[in-house]
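Only one chain is given next, in structure tokens, and it is the form predicted on its own.
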Amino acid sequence: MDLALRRSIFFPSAEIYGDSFSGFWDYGFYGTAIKNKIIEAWRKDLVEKEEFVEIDGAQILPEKVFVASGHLENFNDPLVQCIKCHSLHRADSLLGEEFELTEGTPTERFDELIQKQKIKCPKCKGNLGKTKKFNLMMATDIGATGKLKGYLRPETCQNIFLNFSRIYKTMRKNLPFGIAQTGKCFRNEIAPRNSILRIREINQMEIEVFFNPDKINEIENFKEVEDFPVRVLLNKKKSIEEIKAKDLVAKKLVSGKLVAYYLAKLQNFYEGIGIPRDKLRFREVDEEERAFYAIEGWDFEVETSLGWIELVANNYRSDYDLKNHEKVSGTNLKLKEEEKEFTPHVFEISAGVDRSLHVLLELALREETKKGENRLYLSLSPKIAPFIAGIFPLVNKEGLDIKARKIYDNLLEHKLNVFFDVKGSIGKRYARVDEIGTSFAITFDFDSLKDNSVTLRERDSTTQKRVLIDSLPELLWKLSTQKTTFTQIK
């Protein structure tokens, strides 16, 4: 958090007005760059390679949408208020993880446990009132009369369901096919906490895969992942198992090949952007804990200093969404295949961008002492580093800065993500790029004037190699796409 604030990676929104506006965070220059890289990697690996289509839907939707989706009735958290100081708290947070509390736990159970455990208000130690269900939706009036009521979307998937029929027809797709979307959703959290891990304005990466339930095992590219070891924590088990995707299907641990395929693809994606395999798992979500629309759920979680953090909700939503929107809107959303009419089923892959960024930063943070000096850096994958390289003149004289600037301009023309810095000593510039996770540093020195080469310094090892200036565009592209590594450079 110190690094995030000091380097303006992310910080509280409207912070000059105090901390009363909690649950909202802004991204600075470097944080925005890392966030965009995460989304870009997701788009390439899980959207474009799967030949899905991406949309950009409205953030405010009419009330009827959330009547159909069930959010107005079911999207609740348990709220309890202090009788003495009137402060508000989440009942499940006060009780902690010791008890099995789910979305379906009745309010009476919370009251019973709070009384039994003699839990008081954390602020004033006063007695707590009765638990109530608090709806997390954020409402807004639309238009001058205020008669039309709308809601800020609590998840990005509803736009996808509403647009499914049009996209299916206009994009001429066959099932199974996916519709993806990135964007913001809004949840009126009772007690936002842990910086960007639990917030009110959330960045999401959403994929909804539509398929014929009778063909859940007809997945064209399943052979690509059939031997991939998926790390799962099965319901009521205490230890993580690595089970091949094909065995998840054979043992009926998942509903079919389609589910196993996308679990494998998702794990492979997160490993590729820097999550160590031994730090991740898919936790099977039991029936009582699952979201109200899900018949099967796998939470993708990563182990951090705060415990296991959920990054992605993977839910088999069946035909719940399309059927309900069809009922409330009166629009036919059924399809026909081989003369059989049916409502498509949906498998959801809903990832939190903010949570992913937070976890990736924590797992990448390194601190070491070399030659009596402390060094702090972010060991980020080149796929999500804010920049592939910083370009530095050794000193700002004798034309070194002008020549270095030309290298920078040339690399920008090759669409490489680099930046130019001339301020401070070369050691301080190295320290700055290390702290924000830039993969490499390129230094133009006095030898560069003679041999047309530069020093390429790797962030993690601080090892340096001389490379030709003319080779930089292709070399940096290969390094950024992980088609080569620093150790392979001669």
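The numbering used is simple: start at 1 and walk along the sequence shown. Because the structure is a prediction, the values reported are computed rather than measured.
Just so you know, the form predicted together with another copy of the chain exists too; it's not on screen, but the next bit is about it.
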{"item": "In the predicted bound form, segment of 301-309, 142-150, 266-274, 230-238 with a heavy atom within 4.5 Å of another copy of the chain", "value": "142-150"}
{"item": "Any non-hydrogen atom of Ile426 within 4.5 angstroms of another copy of the chain in the predicted bound form", "value": "no"}
{"item": "Heavy atom of Thr369 within 4.5 Å of another copy of the chain in the predicted bound form", "value": "no"}
{"item": "is_contact(His358, another copy of the chain) in the predicted bound form, heavy atom dist at most 4.5 Å", "value": "no"}
{"item": "Interface membership of Ser8, another copy of the chain in the predicted bound form, 4.5 Å heavy atom rule", "value": "yes"}
{"item": "Contact residue in the predicted bound form, chosen from Arg281, Lys257, Arg317, His325 - any heavy atom within 4.5 Å of another copy of the chain", "value": "His325"}
{"item": "Residue (of Phe440, Tyr430, Trp42, Tyr27) lying close to another copy of the chain in the predicted bound form, criterion heavy atoms within 4.5 Å", "value": "Tyr27"}
{"item": "Partner contacts for 52-79, taking another copy of the chain in the predicted bound form and a 4.5 Å heavy atom cut-off", "value": "Phe52, Val53, Glu54, Ile55, Asp56, Gly57, Ala58, Gln59, Ile60, Leu61, Pro62, Lys64, Val65, Ala68, Leu79"}
